[in-house]
Every structure is written in C-alpha cells, then in structure tokens.
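In structure tokens, one chain follows: the form predicted on its own.
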Amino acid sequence: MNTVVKCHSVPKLLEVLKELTDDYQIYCPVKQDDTETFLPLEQIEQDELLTVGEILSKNEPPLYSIKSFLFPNSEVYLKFRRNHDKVDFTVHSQQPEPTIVIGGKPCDVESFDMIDKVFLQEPVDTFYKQKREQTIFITSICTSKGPNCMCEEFGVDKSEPKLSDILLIESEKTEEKSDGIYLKGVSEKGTKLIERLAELDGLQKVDNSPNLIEDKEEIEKLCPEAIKDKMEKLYDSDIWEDLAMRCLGCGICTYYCPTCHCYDINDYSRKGEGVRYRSWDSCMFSDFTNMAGGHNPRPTKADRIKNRFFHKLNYFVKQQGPLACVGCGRCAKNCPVGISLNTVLQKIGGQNNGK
C-alpha cells in the first residue's frame, strides 16, 4: 500500500520542505516576469509562492520540461591541461547532490522512459545515471487535458504515471476552500522521502489520497507499429517541402521537447588548460550534420524536418519500440509557425481531430 501524507496548502508544503534543504537541492516551478521557470526553493520570494500553486494545479505542462535536471543544457565532462608535448585529461567527476524536483507533469516524467533507453544502455552515460539515481521527482497529476495535450493518445496515464517517485494530488477545490494537498509515494526512494516528511510538523499521514478521476475516458491510443508503417509511405511526400516553406529553422521545438536528447561537444581552453563540455544541439540547424570536408547529408530544411518527424514516429520505434513523443504539446504551443507532431499525424490519419 502506498504511503500518503497530507498538507493543507502548497505554501505550507513548501514551508515544510525548506526543512530538507540541508540534505536536498529542491526546485519548484514559479512565475517570474510573466515567464514560468524552475528555481531553487530558497530563491523563491514570499509573494511568488502563490504562482507555484497556480502552476501545479494547471492541467497542462509548465513552459519547460524537467529533462534539464538529468541532462543539463550545458555540462563539463573532461578537463585537460597541456604539459609540454602531451595533454593530460581527467574526467570531471562530481557526484550530483540529492535533488527534489516538484512540478513536472505525467508527460514529463514519462519522457524519461525514452531518454533512459538512450543514456542507460551500453555504453551507459554515467553523468545521466548518477543524476537519475539522486533525483526524486514529485509529479503534479492532471485531472483533465490541456488545450494542446495528447498524452493519453501516446500512452501516458495522466493520473498514475509509472516513472514518478511521488504523486502530488490537489483535492478538488470548492469556491470556499481546497481540502488539501496529498503526496503519495510511488518508487522506493519516493516512499522513503514520504516517510521522512510524515515526521515533520505540517504534514500528516493519511490512509489514502482522493481519487479525482473516477471514470477514465476511453482514449484510443496511437499504435507505434502502425504509425511507423504509415510513415514509410510518407518518405517521398511533398509535405516536407510544404513544411519547409513554413518552418523558420529556429529549433525551438527541440529545446522544449522533453524527449529530444541530441548534443554537441566543444572544447574551451585558455593558457594551456581547458574543459570539454557538451551542450544541447538541434537537428533543425543546418550544420547539425555538417561533416569534416563539407559534406552534409541533410543540406535542406525539408531534409531536416523529415528527419525530425521520422525520428519521432519511425526510426525510434524501429530501434527502441515506443514513439519518441509523450504528447505534451509544447511544440504545438511554442512553435512560432504552428508546426507540431499532430501536423504529421493528421497526414497519416492518426490525429486527434481539432488539435
């Protein structure tokens, strides 16, 4: 049976969690300057606490996904120093601190199922693995779908995501009040944290959390194999040239996407010593596949758009099994010209009409 604790409000929960900041880095979603971001709990001002609750209670994902907590947008992994006629290398090994991330949505935490298949298979990415083991994700569940959401079509359970460590469930609000906030342990490390929280003032152990979705709507899930096969017929379609006419090539779809995981490697050096670091890259950039000698296998925007959608809906299925999308809708919401996964799904008959 899952361990459950209850608190009467989000601000009170955050106040209690501050007692753990000696042992954990704790991050929360917050709105600053009309933009949603994640900040360390101790940096959130008193007048910003209400915005944390507003973001947690939304039935759509926050602006940014939570992948950067395991796969940072920039990360040093080697240090080097020139020593006369040779170069000495050392692995930049820094054990990540135990971290709690509050406020990812079910689609966000389920995206790790795809990224795990890339970074945790041999050769294992030890930087990702260490952060994966040291981070506890408290997932704010959704009770309905947001305007761009297609999570259930992509197989995500918006009320019981299997990869979450702890579920955050806000009881149904009335005009007068909310009954409270419930935290439900799911994973072993999440349950251990819940047991510790139950010992703190302001949280009480309860028998169970409320069931806010009593009758789940039957949603027809997309079949990865069927989508993969239909994409084969689209390989030489004119759709890629049509989309290329609209696409700006800004790459914003890849940076907001919780399952995109491409990166570039660069060196920075000064006076004989430096670092080798990786940083997020985008397959939508013209030099992403540019090779030494000048050959580029994807020289046009149409080539790059086709590759992006084929990776999500065909190549990844062939290599790993699932579609490389969790239906969060961030590409639909943030693309300046309105291109999303659903743009292509509509072409092959797998769309959810109206989105």
Partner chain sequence: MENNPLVPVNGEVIEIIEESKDVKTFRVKPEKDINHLPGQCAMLSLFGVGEAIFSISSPPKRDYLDFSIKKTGKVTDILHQIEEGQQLGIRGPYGNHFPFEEIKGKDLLFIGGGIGLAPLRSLIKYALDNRDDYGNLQLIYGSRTPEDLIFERDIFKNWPSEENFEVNVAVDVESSNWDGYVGFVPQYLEELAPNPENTVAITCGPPIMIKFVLETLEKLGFNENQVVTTLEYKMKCGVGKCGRCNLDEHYVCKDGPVFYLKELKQIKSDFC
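Residue numbers count along the first chain shown, from 1. Since we're looking at a predicted model, the values are computed, not measured.
Not pictured, yet referred to below: the form predicted in complex with the partner chain.
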**Message:** Can you work out whether Asn208 and the partner chain are in contact in the model of the complex, taking contact to mean some heavy atom pair no more than 4.5 Å apart?
**Reply:** no
**Request:** Report yes if any heavy atom of Ile219 sits within 4.5 Å of a heavy atom of the partner chain in the model of the complex; otherwise report no.
**Result:** no
**Asked** Given that the partner is absent here, does His311 sit within 4.5 Å of the partner chain in the model of the complex, heavy atoms only?
**Response** yes
**Asked** Taking heavy atoms and a 4.5 Å cut-off, does Ser74 contact the partner chain in the model of the complex?
**Response** no
**Asked** Pick from 153 to 161, 271 to 279, 136 to 144, 101 to 109: which stretch has non-hydrogen atoms within 4.5 Å of the partner chain in the model of the complex?
**Response** 271 to 279
**Partner-contacting position among Cys250, Val118, Ala226, Leu200 - heavy atom within 4.5 Å of the partner chain in the model of the complex** = Val118
**Item:** Listed residue that, although the partner chain is not shown, lies within 4.5 Å of it in the model of the complex (heavy atoms), from Glu97, Asp238, Asp267, Glu188
**Value:** Asp267
**Prompt:** in the model of the complex, does each residue in the set Lys12, Thr51 and Phe69 place a non-hydrogen atom within 4.5 angstroms of the partner chain?
**Reply:** no
**Fill in**
Checked 273 to 300 against the partner chain in the model of the complex; residues with a heavy atom within 4.5 Å, sequence order, are Arg276, Arg278, Asp281, Asp287, Phe288, Thr289, Asn290, Met291, Ala292, His295, Pro297, Arg298
